[in-house]
Each structure stands twice: as C-alpha cells, then as structure tokens.
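As structure tokens, one chain now follows by itself in the form predicted alone.
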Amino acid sequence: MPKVLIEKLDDFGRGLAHINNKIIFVTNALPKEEVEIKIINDKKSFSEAKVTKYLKLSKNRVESICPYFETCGGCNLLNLNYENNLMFKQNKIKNLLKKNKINYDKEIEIIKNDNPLYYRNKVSLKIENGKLGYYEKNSHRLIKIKECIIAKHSINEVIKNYKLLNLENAKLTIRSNYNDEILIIIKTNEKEYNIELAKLKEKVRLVGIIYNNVTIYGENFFYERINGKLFKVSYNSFFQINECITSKLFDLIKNNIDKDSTILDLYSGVGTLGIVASSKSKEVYSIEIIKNAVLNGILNAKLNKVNNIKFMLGDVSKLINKVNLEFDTLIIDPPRKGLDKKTREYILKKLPTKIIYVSCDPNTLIRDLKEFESIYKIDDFKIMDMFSYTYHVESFCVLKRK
C-alpha cells in the first residue's frame, strides 16, 4: 500500500496528497497525517483513495461521535474539532478570493453556530425495502441509520419511529420548527398508505402529513418563530435550516439596512429577510418563484404588522427585466447556482447603492462578485456556520458602489 503525507484539505473536506506529482484525494484524512492508502478511483489527472492505516494522526483529529461517519454521505468533517472546522471554512473563502484576485483587505469574521450538533430543522431521507437512511456518498447504496446527530432531537424521534409510517420505498422529508412541531412529507409510488397515526402522535408533536403533495393529516404548514417574528412556512417553502444562525442572519440584515431605503428582495422565500429589513426601510419589493411561499409571505407581513412590503410571484430570471422600479438596496439569497446572466445584467444596469448577498455556495458567489468588482467594493464579508461539520459554507457579503 502506498504511503502519503496529507498536505491540506480540499474544498470538499478531503485530504489532499501527491504521488509522482499526481493529486490524490483521500477521504477521512487530515492535514499533516501520514497514512497508507488504497486507490479506489483512478482518473487521468487525479485519483481518489481511502485510508487503510493511519501512521501519524493530526493533533486536531477527534473521534467522530456518529457511527455512520465513514459511510454516510452527509457530514464529512466530524473527524475535525469545531474550531478547525471554522478555520477550514475561513481558509476556503480566503483561497477563493485570492485565486480569483478579488480584493478584500479585512479579516473575514466567522459567526459560530451555538449548537453545532442537533441543529438541522429539515432532513431528507430514503426508505428502501422498509429500511431508512441516507445514501452513501457518490452512490445509491443506502446507509441505514437510527439517528442523525446534526438533526434536531424532534426529527430524530420520527427517525426512531419511522416504521409507524409503514412505507416500503419512499423519499421522506421531515421538518421541525422552533416548538418542535413536525411536518412529514412523503413521496412514493405506493398508492395506499397505512400510517399508524395514533401511535405516531404519541411520539412527536405532529402538525401534518403530506403524501404525494396531498395533505392526509392536519396542516401542510407550520409556524416558525425567529427573533420574536412569526412566519408561516408551507411544506414546500424554503426556510433556513439552522435556527441559531438564522437569528444572527436576521440581526445582520437589520444592521445593514439604511434608514428609508427602497429594497428589492430577490429569491425571497416566505418573506423573512424582506420583513426583517422592512422595519428600517421605506418600501420592500420581494420576488419568489414558489406560489405557497409568496402566499406565506403575504400572511407573514400581516402577522408581523408590516405594511410596506409587496410580493411578486415568478422566476427571478424571467421576471427581473419586467421590474420597473427604482431601488437603492438589493437583497439576494439565491439557490446554489447563484445569479443567472439576466439578473447580473439587470443589477449592473440598475446599479443599487448597496447589495446584500447571502450565499450558500462560495463558488457561484465568487463568480458573481467578479462580475460586479469593477463597480462595487466588498464592504463586509462574513462566514456563517449554517452547515456545521460539513464543507458547505454560508456567506454574508455586503457590496457598496464605488
């Protein structure tokens, strides 16, 4: 078996080494570790490998408390202590900025997750042949689980009692709110259902069950409460998965809105960021593609006694050029693919004074920042540990027109 020295972590949390100038990506290996490896996927320009023996361990290595860590495709940094998880994310952003020659001369602040375990309020699992779990990374092989240590305890109660759903093959999404109330969303080819409802209700605070987009029990929404604000969230509407970090995100949004601003809020979901921003702004205009989310947003404005926000239903990329209004502040929280070309062109035509960009994918964020760098400077850049113990990075970026 070849021996290698792990030089650093790549952007996906894999150990990186070289053999004869060829890059080797090694799972579950940390910087400065010496390991024996087995090549499991040999490509022309790189190879992927797994560790067969640890010869020297990193001082930052911790023993994962998850029994599925080495096989499950979810968390990939549970072998690294929390402080170094944060440093990994900080270095990832620094390297991306440097590689793309984007100037930012301040320190990148890291906003910690107060609860880096048992924090997720939404998980999506598979049920195959009556067994529940996640897929192994880069495969469709089911890893059966009894608990997910980054999911909220209320979600784990459903996982422990999933057999009460009596499903053989299905996709199962479980959502939980601030009050540990549960929505269960089932997608399956099974025409009939036989859910042991009474027993399930004894185990969890069940709000509703949605079966192939039909509500078969209770409601198809719940209410979420963050920083004293109440939000109706439908089963298919986006809401941030980490309540602790979302609370801190709300504070950042509020603190970066200038008094009497006119705001355009793109990819607005159920209206959270726009509603938070509305307390200091003159007007907020929000665009969202999911109809239920827009309906939620309209209600959420009423729930929070906000009367200076308007909602538009539509795909941002198709609707953006029809938005004929003057605004000085732009809030964007796009999906992982970032901004499409038409939206970037629209922004460069309208040239708002300030852009607040919330991103869940640093690569598309950097791409978009490159597009804006001739006209905008980065005034603030923060990393928010929304996705603890994974390689995913949530960024909060404020751009100001030069």
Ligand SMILES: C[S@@+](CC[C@H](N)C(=O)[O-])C[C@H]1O[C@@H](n2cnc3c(N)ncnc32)[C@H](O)[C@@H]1O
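Numbers for residues come from their place in the sequence shown, where the first is 1. Just so you know, these numbers come straight off a predicted model, no measurement behind them.
FYI, the form predicted in complex with this ligand isn't displayed, but the following is about it.
Q. Among Ile174, Leu264, Leu273, Leu78, which has at least one heavy atom within 4.5 Å of this ligand in the model of the complex?
A. If I apply the 4.5 Å criterion carefully, the residue I get is Leu273.
Q: Counting non-hydrogen atoms within 4.5 angstroms of this ligand in the model of the complex, say which of Glu168, Glu196, Asp315, Glu326 makes the cut.
A: Partner contact (heavy atom, 4.5 Å) among the options: Asp315.
Q. Taking 4.5 angstroms as the cut-off for heavy atoms, does Ser281 touch this ligand in the model of the complex?
A. Taking the distances in the model of the complex, the answer for Ser281 is no, it never comes within 4.5 Å of this ligand.
Q) Is the gap between Ser234 and this ligand in the model of the complex 4.5 Å or less for some heavy atom pair? A) Outside the cut-off, so no.
Q. So, in the model of the complex, is Pro31 in contact with this ligand at a 4.5 angstroms heavy atom limit?
A. No, Pro31 stays farther than 4.5 Å from this ligand in the model of the complex.
Q) Do Asp368 and this ligand come within 4.5 Å of each other in the model of the complex, heavy atoms counted? A) Asp368: no contact with this ligand in the model of the complex.
Q) So which stretch, 181-189, 100-108, 236-244, 84-92, is the one near this ligand in the model of the complex (non-hydrogen atoms, 4.5 Å)? A) Careful reading of the contacts points to 236-244.
Q: Determine the residues of 320-347 with a heavy atom within 4.5 Å of this ligand in the model of the complex and present them in sequence order; the list may be empty.
A: Contacting residues: Asp333, Pro334, Pro335.
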